[in-house]
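Quick heads-up: it's one chain on its own, the form predicted alone, in structure tokens.
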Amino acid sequence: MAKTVVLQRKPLSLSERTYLPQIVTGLKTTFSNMFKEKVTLQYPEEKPNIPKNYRGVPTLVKDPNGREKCVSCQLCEFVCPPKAIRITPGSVPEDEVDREHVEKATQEFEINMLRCIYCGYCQEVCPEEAIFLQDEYSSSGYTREEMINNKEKLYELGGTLPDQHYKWDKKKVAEGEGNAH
């Protein structure tokens, strides 16, 4: 059978019975925090600094000439782990001469932000650098439909980014030089 052990408490001292040391310790903590720099941000007017490697909302971007960079290769749709991206390919309008080497264009492009896990695979796999993860981290809506970003909203969020490659412009220059020889 288990032996019962009774522990005897030592009696409280006068200061412990008055709780004065605990009150003084609490006030000391309060006063020390009163004079520290404030860390509270008045969100949404003030936003925290975002690290440069931050993976935020995926968006579509246009090149400096205002052309859509997405050529509907559907690699981002294929690589997306939660299947949040849905692309419907379409044909390139014949009146766009500067895109004559592009086979397809996007008819519809949707990203379901309720499914997106912000992994960044879509940005990494895009050969045209048409998808970028922006610094935006708070997206909200009242319905599920509002959380599905269509092509127009994705371009509105992404805007135009400087293009380091000028892919289509170089092809034009290269084709022009080839014909001159």
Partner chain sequence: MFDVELLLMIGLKVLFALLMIGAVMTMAGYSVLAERKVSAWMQGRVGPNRTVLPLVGSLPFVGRFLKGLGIFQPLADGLKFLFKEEMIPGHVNKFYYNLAPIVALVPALTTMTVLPFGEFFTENGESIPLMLANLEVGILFVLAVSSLGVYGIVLAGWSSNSKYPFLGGIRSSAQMISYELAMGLSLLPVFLWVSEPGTGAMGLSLVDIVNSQSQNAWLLLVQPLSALIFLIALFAETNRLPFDMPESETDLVGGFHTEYGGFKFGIFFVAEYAHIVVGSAIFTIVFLGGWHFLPWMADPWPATWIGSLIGVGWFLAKTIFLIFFFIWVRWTLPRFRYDQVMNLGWTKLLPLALLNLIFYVLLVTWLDQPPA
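All of these numbers come straight from a predicted model, not from anything done at the bench. Residue numbers count along the first chain shown, from 1.
Not on display, but discussed next: the form predicted together with its partner chain.
Proximity to its partner chain in the predicted complex holds for all of 23, 33 and 45, with the criterion being a heavy atom within 4.5 Å.
Look at 36-44, 143-151, 66-74, 115-123: in the predicted complex, residues with non-hydrogen atoms within 4.5 angstroms of its partner chain sit in 36-44.
In the predicted complex, its partner chain lies within 4.5 Å of some heavy atom of residue 27.
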